[in-house]
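The form predicted on its own is given below as one chain in structure tokens.
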């Protein structure tokens, strides 16, 4: 079964690392039926585009501005990303929410801006440890989803991937149980049906300490459409194995 495999480099590597990584990834995943999306830092885009050209691997950004132009020093607009060869953009990652205080309202604005400029969106949602232990995880992610998709039309969901990333699992080496993942994905799909209708389809992937040792049992879950992989994606050999797997 074809899956969506996404890498998130975060703030790791330097631009000069991208040449070898791109060439190896393109070679090692040639013929894979999966959709592969690589999300390096902004500074890597030109090199990634050059050496991934001719492959089916797509390039994603890790963030985007909520405005298109003007006096916004340091920001990167959706049209800039599009022109640089980017097709996807991660929005609402937990690190952006916590470190940079990005609200659900801002995330909603970013999604609308990205979609208006022809970018596809990888929307991250997920609960922290305190919320989970208080038995409030389901309500929390439903509210995140509702706020993020406010004003988004059903046909636009074709350009949106939901990444369920429980914050308590990111970078900890502890992933959610298969049962927990299935339960939360079920909650998300029911909420999409409530917001739109029972026939509405949307891709949902999981992220949270996925690595070469646990990837297959997680990504093979019928309820999931793929995975968003952080630290494990920095090793091109391991990421290639995950990306070319026949699920």
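Computed from a predicted model, the values in this text were never measured in an experiment. Residue numbers count along the first chain shown, from 1.
There is another form of this protein, the form predicted together with phosphoenolpyruvate, and it is not shown here; the text below is about that form.
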query: Single option in 136, 171, 85, 118 placed near phosphoenolpyruvate in the predicted complex, where near means a heavy atom within 4.5 Å; finding: 171
query: Non-hydrogen atom contact residue 40 with phosphoenolpyruvate in the predicted complex at 4.5 angstroms; finding: no
query: Exercise: residue 60 in contact with phosphoenolpyruvate in the predicted complex, heavy atom 4.5 Å; finding: no
query: Contact flag, residue 25 vs phosphoenolpyruvate in the predicted complex, heavy atom cut 4.5 Å; finding: no
query: Close approach of residue 231 to phosphoenolpyruvate in the predicted complex, 4.5 Å, heavy atom; finding: yes
query: 4.5 Å heavy atom contact with phosphoenolpyruvate in the predicted complex for all of 93, 165 and 210; finding: yes
